[in-house]
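For reference, the chain that follows is the form predicted on its own, supplied as structure tokens.
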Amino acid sequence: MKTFARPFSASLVLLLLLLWIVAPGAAASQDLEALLSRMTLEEKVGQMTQLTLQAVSETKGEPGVAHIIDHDALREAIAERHVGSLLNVYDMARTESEWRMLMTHIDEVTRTESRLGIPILYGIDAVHGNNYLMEATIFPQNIGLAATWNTDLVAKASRITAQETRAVGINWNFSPVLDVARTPLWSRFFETFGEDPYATAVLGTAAVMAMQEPGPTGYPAVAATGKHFLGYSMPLSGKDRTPAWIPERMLRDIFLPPFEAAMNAGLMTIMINSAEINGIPVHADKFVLTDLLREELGFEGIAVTDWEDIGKLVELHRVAESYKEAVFQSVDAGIDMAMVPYDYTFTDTLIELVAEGRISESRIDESVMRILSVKKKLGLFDRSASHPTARVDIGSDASHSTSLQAARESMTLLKNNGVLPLDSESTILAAGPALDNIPMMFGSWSYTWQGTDPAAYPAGIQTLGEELADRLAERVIMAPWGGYHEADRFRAAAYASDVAVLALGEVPSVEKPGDIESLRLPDEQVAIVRQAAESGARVVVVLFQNRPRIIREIEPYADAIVLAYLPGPYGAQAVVDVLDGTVNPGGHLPFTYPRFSGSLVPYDHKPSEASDILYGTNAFQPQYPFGHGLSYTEFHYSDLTVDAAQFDSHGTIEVGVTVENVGNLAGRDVVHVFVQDHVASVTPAVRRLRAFSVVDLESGDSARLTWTLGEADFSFTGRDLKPVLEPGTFSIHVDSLSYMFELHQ
């Protein structure tokens, strides 16, 4: 066996290049139809097969231990089994040089030992930066990026991620998550852009377009993946990969818009929802994967399964009696590529199904053409563009500056009773479980899948405790984090302090390991806040969270609350920048922050969820509303105008508002435009977000903001499950201002 770090001579490189140029049926012709006509059934089905790196490795990934590829297994996969795609990392992130050697080795085997030389699609979950590349720039998780409401910043972070991913030869990114997070219990909440379909569509599409933007070679850096199609993010129990019950109208109004917007922007691939909707696993749902995805939306890209999900039709969902039946159901439903991921069971089974006549070869051809088309769009048939030789300054100072900017802009000030910015003379107690816990700042998908192993992280990342000590020096008292067994020592430190900065957090977790029974904070974290408040110190709570945890019990004891989300490597600096006033916070919630675990109601709820007319109960009362975010300055809104007269002739409405910074500091605000339909044939939402803008204003300055709303902004899915625009009374809401008008059809 040999490692992938084999030396290459100049003569071998020249030979490989010549073989590539003359390889029959390969990219010299760039005629995919001709290429498809040359392929055997085995080669076609191989293209639909995706194996994990573990399947072709000798050793597992360990810190400080070189990963070794199994050359014979790799050759079997590519040359004999004609596998079209590989994915993943073996347990932990690798260095730039290791990735380059691996991808070069794969490239070498493909060019020299496979009959047609069809290049490999290599997929990775680079979800907040290329988190499996040690030198890569890591960004805040998507929920934090969403809190910036800065579309350009989301695009910039996504562009850097794609460029640093392609630089080492990886050409397929399993990102972004386009699921709309409708239950905070869900363990993948932090991977989303929040609870609103419009915001998710805007920010998600910006990410997709940036990732697939043509680079120096003229080809997209990577193929983006919209995941998870469709309705994955609202399991009834809140547990990952458990049943969802979603009426088709809700599916269309809430969950479909982000995917449709991304597809209209050129999204190349989707990953399928691992769970079931209304009793049908999506991997076997022909309505979702063919009728809706292909025929209605016209999607022409690759539909790839999630991890082992065809087998789960047998083992977990029990809609198939055998693996063969599961393969039939999934391919018949519309999947193009199976993330098998360890062996050739899918490959062999699908060949049998074609031989038996249950699956036609023309159906196989459809999927193979989609796969080959994506490879062509990425330039993988172009030797000069596909080989991992183009140099990109991975982890550059400029890229790290973007990560810091994103962390700063995401910081969301939920509460402030005058304690922030911190007084320059205050003595500060620093404590809490997240104070010196790097994984709690990053979350999952950070150097390992769950992100919990501190040894896997690069050296030199500053913790919040270290940042406070460096910046505020002798004013800071470090104390035990306040568990019951250390209560006396903690109280003594609290009584000696003017302000207690308490860093609370959640241990990183994702997917099934992230399932929880309650959103309530751990008892010890509740106790630390109470103990600090009892000392007389003013309490500042900093939250590092995978999802909003219930803080109702501690909120009265806190003088200020800063939601940091999962900010990544510059989280500590960004938090202290806000605490000491270096940065005026401007983040705003991309979700409704719940007050109770049993009342998880989003902002765009129905009128019956707002209050009960007869009894006055069930009032919607979140801890903090969607879009909430405080500043150290004050903004005033005025002169809301709505020109609805032109709707009859142009189908658009112009909305305008003036925003003025009436405080003493420069600041940033996020302006949200909501539409309310007063009466409709399907019960309308209380309000729906239809536009937003970020505005930066110096003290005393003002800005006039305008938006154009169209028919889609006033439409909904009607009783016949088709889009409908009904005339009637509507209102536009911006901050506390509202404007009511009549809309004629």
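Quick note: we count residues from 1 along the sequence shown, nothing fancier. Keep in mind that this is a model prediction, so the values were computed, not measured.
Below, we turn to the form predicted in complex with ligand BGC, even though it does not appear here.
- Tyr198, Phe620 and Val686 all contacting ligand BGC in the predicted complex, non-hydrogen atom within 4.5 Å: Spot residues vs ligand BGC: no contact at all.
- Item | Stretch from 111 to 119, 221 to 229, 250 to 258, 418 to 426 whose residues place a heavy atom within 4.5 Å of ligand BGC in the predicted complex | Stretch 221 to 229 is the one.
- Message: Can you tell me whether Trp445 touches ligand BGC? I mean in the predicted complex, with a 4.5 angstroms heavy atom cut-off.
- Response: Yes - in the predicted complex, heavy atoms of Trp445 and ligand BGC come within 4.5 Å of each other.
- Answer for Met271 alone: is it within 4.5 Å of ligand BGC in the predicted complex, judged on heavy atom distances? Close contact exists here: in the predicted complex, Met271 approaches ligand BGC to within 4.5 Å, heavy atoms only.
- Query: Could you tell me if Tyr570 has a non-hydrogen atom within 4.5 Å of ligand BGC in the predicted complex?
  - Reply: Heavy-atom contact with ligand BGC at 4.5 Å: absent for Tyr570.
- Does Asp125 reach ligand BGC in the predicted complex, with heavy atoms at most 4.5 Å apart? Contact check for Asp125: yes, within 4.5 Å of ligand BGC in the predicted complex.
- Looking at Glu325, Glu511, Asp580, Glu555, which has any heavy atom no more than 4.5 Å from ligand BGC in the predicted complex? So the residue touching ligand BGC in the predicted complex, by this definition, is Glu511.
- Heavy atom within 4.5 Å of ligand BGC in the predicted complex: which of Leu414, Leu87, Ile170, Ala181 fits that? Just give me the one. Checking each option against ligand BGC in the predicted complex, the one that comes within 4.5 Å is Leu87.
- Message: Heavy atom within 4.5 Å of ligand BGC in the predicted complex: which residues of 295 to 315 meet that condition, in order?
- Response: Counting only heavy atoms within 4.5 Å of ligand BGC in the predicted complex, the contacting residues of 295 to 315 are Asp306, Trp307.
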